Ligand SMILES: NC(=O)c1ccc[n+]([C@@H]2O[C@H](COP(=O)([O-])OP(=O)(O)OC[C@H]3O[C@@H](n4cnc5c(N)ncnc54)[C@H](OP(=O)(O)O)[C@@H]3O)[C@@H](O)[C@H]2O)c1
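Below sits a lone chain in structure tokens, taken as the form predicted alone.
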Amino acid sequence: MKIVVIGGTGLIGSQVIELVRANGHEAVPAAPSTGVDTLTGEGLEQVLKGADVVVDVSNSPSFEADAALDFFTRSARNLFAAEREAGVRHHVGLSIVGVDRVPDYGYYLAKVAQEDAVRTSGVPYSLVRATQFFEFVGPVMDMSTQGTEVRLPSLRLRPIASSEVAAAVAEAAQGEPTNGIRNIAGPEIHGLDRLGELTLAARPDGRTVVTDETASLFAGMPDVLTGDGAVDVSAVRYEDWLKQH
């Protein structure tokens, strides 16, 4: 089976490539660095020739609302036109747990528009929604640092290891289309400020965490990002992951 991974050179995509290749499938990474640009359509016809499955784990280079909306909608338009032309039989998309419950956050609205494009594309699909990756905690802390203070809100998250997300995406790609959504999350709920404290306890660097509900990209976000009883929960705890990375 030929599986093309849009965003296949990134954090999730590169792991998906390894997983599906290990199971004997042909896995092709598609990204601007490999000559494929979904924003312009460049390279899509060539890379999708003979493709059975397309996995889209690409991401907008900007979290700004208009830029993200343009990226996801334009990319989807070009990608699905190429998929239909190539006879792709399964599209797998990656989204965010709770994405449709955050009406005032532009990036999430852009992801909702991307999901809508998947559903109306005419290509059979499977969607995986994941909570925030463990790997994002450090960069969020860096963006929220003022001097020696890391200012973070107490918003509750249930973060997950990127390896678990990649495994779920790879599983979906090797299965049949569900035309539905699978939600996945980490095993523990923590406030974002507590995640910062856990990070600095494992990797002390002179900074301290200050709880500030007005700080970071997650400031003012409603408490909807932990999922609900329908969420599949992975086994890897953040504290254990910190010890290994």
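Quick note: we count residues from 1 along the sequence shown, nothing fancier. Keep in mind it's a predicted model, so treat the numbers as computed, not measured.
Although it is not shown, the form predicted in complex with the named molecule is what the next lines describe.
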{"property": "4.5 Å heavy atom contact, Ala27 to the named molecule in the predicted bound form", "result": "no"}
{"property": "Touches the named molecule in the predicted bound form: Val36 (any heavy atom, 4.5 Å)", "result": "yes"}
{"property": "The named molecule contact in the predicted bound form: Gly191, any heavy atom under 4.5 Å", "result": "no"}
{"property": "4.5 Å heavy atom contact, Val123 and the named molecule in the predicted bound form", "result": "no"}
{"property": "Which of 174-182, 38-46, 206-214, 193-201 sits within 4.5 Å of the named molecule in the predicted bound form, heavy atom basis", "result": "38-46"}
{"property": "Position in contact with the named molecule when the complex is considered in the predicted bound form, options Val233, Leu19, Leu11, Val224, heavy atoms within 4.5 Å", "result": "Leu11"}
{"property": "Contact at Ile6, Pro32 and Val57 by the named molecule in the predicted bound form, all three, heavy atom at most 4.5 Å", "result": "yes"}
{"property": "Sequence-ordered list of residues in 121-160 near the named molecule in the predicted bound form, where near means a heavy atom within 4.5 Å", "result": "Ala130, Thr131, Gln132, Phe133, Phe136"}
